[in-house]
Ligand code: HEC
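Here's a solo chain for you in structure tokens, the form predicted on its own.
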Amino acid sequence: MQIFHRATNTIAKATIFGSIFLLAFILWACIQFQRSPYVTYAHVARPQPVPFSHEHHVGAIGLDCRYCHTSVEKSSFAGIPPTQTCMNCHSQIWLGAPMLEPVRASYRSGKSLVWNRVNDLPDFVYFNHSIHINKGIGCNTCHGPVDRMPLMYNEASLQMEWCLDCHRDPAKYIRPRSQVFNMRYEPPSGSKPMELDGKLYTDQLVLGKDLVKQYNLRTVADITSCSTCHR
């Protein structure tokens, strides 16, 4: 005597396979959510006490990154400029601009402005600006086209897979130290060759591999080791 209808087997199989597909979809959705700007804040401008424009100061005026971020070449932190740095110029120009009143108030009171960090890594991640700069990694490699940002935002997701993309093959991104702070740097190509130390380069990978040796960059095994970033 048949207890279950013949279609029960089909329903059971459909339920099992449907559950597998549903779980796979949920996993995919979670991964996409974790990589979304809602979580990473990529391309999302953070509110600041003053609407500081890198596009104006870096792109239009041509200020060097190191004028404000003075410790970036010798410290793990790029550094936030003190109010005095702002007032070096704004004690003479835009004296009455309402948007700069918080800067003037900070200067008068001696109380620092509280900026919201844009490129903010988790506390369990160790990152050293000076190491990357001295190994030929340009500012805009990580921070994006800062000179085109009216309001600052993080260009990349800053997630581990993004960091590892460079650490696994730094030759794709490394550049001459003299070009680290050049926001308009272009890798060498057949149409735009680059001469360095008497050698003509027409390919970024060839240049990168030579610079990796010249800058004594550690092996891929070293810079992809967990302890390199998680200390």
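Note that residue numbering begins at 1 and tracks the sequence as displayed. All values reported here derive from a predicted model rather than from experimental measurement.
Beyond the structure shown, there is the form predicted together with heme C (HEC), which is absent from this document and is the topic of what follows.
Of the heavy atoms in I93, some are within 4.5 Å of heme C (HEC) in the predicted bound form.
Although the partner is absent here, A45 is not a contact residue: none of its heavy atoms lies within 4.5 angstroms of heme C (HEC) in the predicted bound form.
In the predicted bound form, R117 approaches heme C (HEC) with a heavy atom inside 4.5 Å.
Contact check for G110: every heavy atom lies farther than 4.5 Å from heme C (HEC) in the predicted bound form.
Across the options 161-169, 198-206, 22-30, 185-193, residues that bring heavy atoms within 4.5 Å of heme C (HEC) in the predicted bound form belong to 161-169. Residues P122, F124, V125, Y126, F127, H129, I131, H132, I133, K135, I137, G138, C139, T141, C142, H143 are the members of 122-144 with a non-hydrogen atom no more than 4.5 angstroms from heme C (HEC) in the predicted bound form.
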